[in-house]
Each structure stands twice: as structure tokens, then as C-alpha cells.
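Given next, in C-alpha cells, is a single chain: the form predicted on its own.
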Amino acid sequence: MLGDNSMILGHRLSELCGHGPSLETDIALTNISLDLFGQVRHYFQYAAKIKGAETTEDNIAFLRLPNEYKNTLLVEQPNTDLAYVIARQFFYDVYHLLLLDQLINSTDKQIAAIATKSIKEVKYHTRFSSQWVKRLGDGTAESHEKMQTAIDYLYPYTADLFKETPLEVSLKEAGIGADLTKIKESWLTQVKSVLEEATITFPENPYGHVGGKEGVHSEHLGYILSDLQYMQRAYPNMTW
């Protein structure tokens, strides 16, 4: 789950390389993508070590079926426009930072080490996306409208971040995983604070989309995987 979230969101951001609204923003989004892929490698190398046999990080990343990916529905949503990119990033970054803040105390030393390294990067990600939410929300009438539309559309997908699966419950009880109930409380407080500064109305839509962490995805994931998996499936076991 941890690796899949970073990989799918990293891929979404990589699609924007060369298409940012300014050179500075383009480079920033690309660097965030690279940070996420670096985290993916740590998670998948550890997963391959645990699984053993001939499993590699590439097998895990590229050779699974869509229902075997456990990322949340939020991170696979498309880059409709800059407001959607920023809203998706903002919702996920605030969650991600709070998640890592708990995982640095995981009883699994490797998970704790990855979280300790990653949290430094995610603090920057959160600052970047929060500033852009304020910039667009409290900018022109057009940018405000676009930001509000993106927030309203993507908010229901955040429900998937906090719906605990049986696996997450067992890992929480073992001291390995995080307590998503506590994270949600802090997440709501921080998100509402930033949106208030951005003059954006917080969505009160009680409906939520869930299922990604259990392998039930939107139609968007299939298109993402067709790009991600092409090389490994066309040329099995290739090496650079």
C-alpha cells in the first residue's frame, strides 16, 4: 500500500514533466515525482526481501494485475488541470506527512527508517501544495473557481485514505502500522485551516469513494499500468 501510493502518484506527476505552468513549478512537480519514486524503491526492495525467492523490486512494481495494486483511489485520479493536480497533491501530502510521523515510531525498524528518511521530503511536498492551494484559491476569480471545483470533486476520494482494511487494523495493533482514526482528525483540522486561508469552502459531502486499498480501482488505473508495465511486459526480464 505504501509503495503503490507513492508509485502511482509519482507516475501521475511524471506525466506533467515539461507541461508545468512555469519553469519553477514544472521542476518542483518533477522533483516531487522523483522523491516519491525514491520512496517506492525503498518499500519495494524491502517487500522483495521479505518475499524472497527470485522476487525483485521490478517484479513488484511492474508485473502485477490491476486488482493486485493497493493504492488509494485519490492518487490515480487524472491531471485534469493544475487545480486538480494541486488539490490531489494537497489532500495526499497532508495525509502522507501525518502517516509518516506515526510510522517513524513503527516497531518494524525498516519501515521506521524509510519513514524517517521520507518525512523530510514530504514536509516540502506539503508546504508546496498548501501554498499553491492558497495561491489559486485566493487569486483571481477564475483560479478560485477552478480550485473550488477541484477540491469539491476530489474530496470524496479522500475517504479511501482513512478506511481501515483488516490488514491495516492488524498492523496497527502490532505497532507496525499507523492509527488512521487519529490521522483523520489531524488531517481534517489542517486541511480546513489551509482552505480557510485560501477562501475555499470545505466540502461537506458525506459520500466517499473507497476500495482502492483492497484492489478495487477506478478506470484510470488500467491506463496508468498500460504505460508503466509496457516495457517489462514487451521485453520480459530485460535489464539496462
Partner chain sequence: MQDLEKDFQDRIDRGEVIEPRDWMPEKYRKTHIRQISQHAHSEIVGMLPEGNWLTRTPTLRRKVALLAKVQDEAGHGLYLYSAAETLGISRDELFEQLNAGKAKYSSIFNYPTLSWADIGIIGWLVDGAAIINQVMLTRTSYGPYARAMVKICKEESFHQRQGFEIMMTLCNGTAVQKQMAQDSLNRWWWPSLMMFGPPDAESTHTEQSMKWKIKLKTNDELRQQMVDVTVEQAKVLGLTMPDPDIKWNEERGHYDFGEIDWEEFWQVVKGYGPCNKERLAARNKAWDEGAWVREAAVAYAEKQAAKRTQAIAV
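Since this is a predicted model, take the numbers as computed values, not measurements. Numbering follows the first chain given and starts at 1.
If you look for the form predicted together with its partner chain, you will not find it shown, but the lines that follow are about it.
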_So, K172 and its partner chain: in the model of the complex, are they within 4.5 Å at any heavy atom pair?_
no
*Taking the shortest heavy atom distance, is H209 within 4.5 Å of its partner chain in the model of the complex?*
no
_Whether T165 contacts its partner chain in the model of the complex should be assessed with a 4.5 Å heavy atom distance threshold; does it?_
no
*Do W132 and its partner chain come within 4.5 Å of each other in the model of the complex, heavy atoms counted?*
yes
*If we take heavy atoms and a 4.5 Å cut-off, which stretch out of 200 to 208, 66 to 74, 185 to 193, 40 to 48 is in contact with its partner chain in the model of the complex?*
40 to 48
*May I ask whether A53, D108 and A112 each come within 4.5 Å of its partner chain in the model of the complex, counting any non-hydrogen atom?*
no
*Using a 4.5 Å cut on heavy atoms, which of L97, A83, L103, L154 is close to its partner chain in the model of the complex?*
A83
*Would you give me the residues of 117 to 150 that have any heavy atom within 4.5 Å of its partner chain in the model of the complex, in order from first to last?*
Q131, W132, K134, R135, L136, D138, G139, T140, E142, S143, K146
